[in-house]
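Just one chain follows, in the form predicted on its own, and it is written as structure tokens.
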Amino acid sequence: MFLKRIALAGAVSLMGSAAFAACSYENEVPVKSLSAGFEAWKAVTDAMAECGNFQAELDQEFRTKQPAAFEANPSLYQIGGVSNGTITPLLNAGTIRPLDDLVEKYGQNLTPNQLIRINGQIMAIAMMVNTQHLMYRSDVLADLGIEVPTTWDEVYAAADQIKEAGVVDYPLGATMKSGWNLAQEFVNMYPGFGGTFFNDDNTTAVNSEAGMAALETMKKALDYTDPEVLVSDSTYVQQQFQQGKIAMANLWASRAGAMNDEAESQVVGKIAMSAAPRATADGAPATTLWWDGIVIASNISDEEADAAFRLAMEGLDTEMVASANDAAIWLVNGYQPTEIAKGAIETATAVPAPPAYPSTTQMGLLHTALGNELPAFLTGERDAEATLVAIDEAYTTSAKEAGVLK
């Protein structure tokens, strides 16, 4: 619910060690962070770097690196950039610390929506909301007389027209890179057909009519995408847009700001955003709602934790938002929604609304099973029915090993 309320209202970057006037103090304790590499994280870590003694590693593979890095003693990083989809392994391993005392000491400018509580304790500070929504070339659709699609059937009908017109290399971009990205595509589409991920006994429920519908709808995209779509992640699709190669994509809201970056984009002012397409005409947008934010490692000294959290608060202040307003849909005070937030806000406030991504151990195991088993379906090695059976079996095996199933 807080997402709706808010909606309404591997490169490594080493930051400089010198303190600048923009920071309210000089940090004297070495601090390192590991997070994703999209624009919002660049803005936040740049702001932290102004205080000195800070190194930020911005890496799209952060989710696979963080568990081991934070389990080291001492932890390899003091600050972690997480989301509701990546925090669970850190929570289960006990490698991040409660933040209640640090919030009381340094969190005067935080809002209640930013405090992520697990079992009553503040375990993360959210900085932004995120979701996948439809991004499209407004000039291409207007020139061809195409209405903005609101369902996946309409997306594919529009893609047919664009393909016939031959005005771009590919009508569609898609984040279908084998592994996590492809799994997320299923996680977005499946609830749109009314599917639930788990039964009451923690077995998975994806082997269902909704699962079949989700797979068949995903596969239709291959008629309109780059043939190399199984290596296509968010950065790849962002660059396809920026280079004028595609006309539509269901892409993360955190990528919207880059479309108008004159240093990178050839389509400044030509990309518009609307709600994520619905899988069915009367259903919710086929996507999930996310937050991104920071956590502090357990395996560090209290002095380091104090310094890291204070630094994080400097990175999440109103001055940072003022200088990077369009980099994200911020939860930080001072954020002013603009046109590029339109699609994410329409998605989050839709009726019915899409679900929040579940931050559970079961979901993490299912996400991995999906990422491992879905590529064989898209390459034609396995049909939809056999793919759902394989996903069920892979999840069941890992869930038993994890003690989630008996």
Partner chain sequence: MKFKTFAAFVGPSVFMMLLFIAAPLVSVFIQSFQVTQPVLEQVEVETCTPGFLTQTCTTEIKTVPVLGEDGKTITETRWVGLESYRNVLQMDKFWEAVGNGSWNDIMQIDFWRALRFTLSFTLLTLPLVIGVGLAIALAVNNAARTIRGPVIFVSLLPFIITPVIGSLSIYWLFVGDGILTAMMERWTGTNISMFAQAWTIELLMYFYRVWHVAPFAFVIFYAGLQTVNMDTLESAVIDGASRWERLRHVIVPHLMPLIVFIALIHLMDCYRVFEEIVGFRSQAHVISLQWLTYDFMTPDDAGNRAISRASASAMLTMIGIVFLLVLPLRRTWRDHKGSAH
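Just so it is clear, the model here is predicted, and its values are computed rather than measured. Positions refer to the first chain, counted from 1.
One more form of this protein, predicted in complex with its partner chain, exists but is not displayed; see below.
| query | Though only this chain appears here, would residue 291 touch its partner chain in the model of the complex if you measure heavy atom gaps against 4.5 Å? | reply | Within the cut-off, so yes.
| residue 331 near its partner chain in the model of the complex, any heavy atom under 4.5 Å? | So residue 331 counts as contacting its partner chain.
| said: Whether residue 266 contacts its partner chain in the model of the complex should be assessed with a 4.5 Å heavy atom distance threshold; does it? | reply: Residue 266: no contact with its partner chain in the model of the complex.
| said: Would you classify residue 385 as touching its partner chain in the model of the complex, given a 4.5 Å non-hydrogen atom cut-off? | reply: Answer no; every heavy atom of residue 385 is more than 4.5 Å from its partner chain in the model of the complex.
| query | Pick from 99-107, 229-237, 249-257, 132-140: which stretch has a heavy atom within 4.5 Å of its partner chain in the model of the complex? | reply | Within 4.5 Å of the partner lies stretch 229-237.
| field | Listed residue that, although its partner chain is not shown, lies within 4.5 Å of it in the model of the complex (heavy atoms), from 365, 40, 340, 56 | value | Spelling it out, the residue with a heavy atom inside the cut-off is 365.
| message | Looking at 218, 272, 116, 212 here, can you tell me which has any non-hydrogen atom within 4.5 angstroms of its partner chain in the model of the complex? | response | Result of the distance check: 116.
| query | Using a 4.5 Å heavy atom cut-off, are 149, 206 and 280 all in contact with its partner chain in the model of the complex? | reply | No residue of the spot touches its partner chain in the model of the complex.
| Residues within stretch 384-401 having a non-hydrogen atom within 4.5 Å of its partner chain in the model of the complex | Going through 384-401 in order - heavy atoms within 4.5 Å of its partner chain in the model of the complex - the hits are 393, 397, 398, 400, 401.
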